[in-house]
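Only one chain comes next, encoded as structure tokens, the form predicted alone.
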Amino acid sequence: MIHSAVTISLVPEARGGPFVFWDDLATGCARAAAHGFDAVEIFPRTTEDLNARQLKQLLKQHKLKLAAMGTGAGWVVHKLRLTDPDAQIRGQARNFIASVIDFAGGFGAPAIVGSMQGRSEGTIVREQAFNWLREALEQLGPRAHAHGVPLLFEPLNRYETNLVKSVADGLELLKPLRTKNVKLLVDLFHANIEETNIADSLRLAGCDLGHVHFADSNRQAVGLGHTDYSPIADALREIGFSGYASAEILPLPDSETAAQQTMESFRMHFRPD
């Protein structure tokens, strides 16, 4: 069974980004539960800003799970990337992600690596960037495994990276790894830009698919853009996907409406009965 999740951003510097609820963890959890979501996906500024005891209480109170935790603030706030030409910065990037792995892992949830993949630019060619990414994943994948969860790696789109932009790119990155604990996160907004056929790309991901960002073509709630979700839902069922479809979307026209529209679309496609 596919489960529903909704995003909560605790990163002031990312305001205006694709997150349904903002700033207040307690309110975000309460609203997520009120709309019937199974889980929340949280984007912290740093793990030091989080209170594990408070989060545990909120999840228990609202009968929610933690679906995943993002590392995007590592780039947006701290300008850390795994492909930085400076080895010290690459090390700091790995440490930042490790802290999220450890915090989220305590709740049985994976960390997400997306924007921290960086770019190949200047003297850094694609092959070198991929080598640095693989080096980091070889360290971080086993760390996540110690918590009994995968590490999620997210292909982006051409406007955000020139490295991993598609499922095929993601599989190319993962195939040589010794660790088999890194899974792909397919964001359906990015996929709308980069994939020739989204349903086929999900079939290609198969058992390497660990998480889905449930968004329409315009980064709004599913049903408010032009993506045809019926073949996507069929493909997810065909590959036996049983993870989270998480709404990483713009809060338009407002957070409450975006959350309500997401749940209506989720139930239509994944809980039709």
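Start at 1 with the first residue shown and count on from there. Everything numeric in this text was worked out from a predicted model, so none of it was measured.
We do not show the form predicted together with L-Erythrulose, though everything after this point is about it.
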Under a 4.5 angstroms heavy atom criterion, identify the one residue in S166, S115, Q92, T179 near L-Erythrulose in the predicted bound form. S115
Could you check which residue among H35, R219, R45, H62 gets a heavy atom within 4.5 Å of L-Erythrulose in the predicted bound form? R219
Please name which of the stretches 103-111, 196-204, 148-156, 82-90 has residues with heavy atoms lying within 4.5 Å of L-Erythrulose in the predicted bound form. 148-156
L-Erythrulose in the predicted bound form reached by all of E138, K183 and D208, non-hydrogen atom within 4.5 Å: no
Could you run down 183-216 and flag each residue that has a heavy atom within 4.5 Å of L-Erythrulose in the predicted bound form? D187, H190, H213
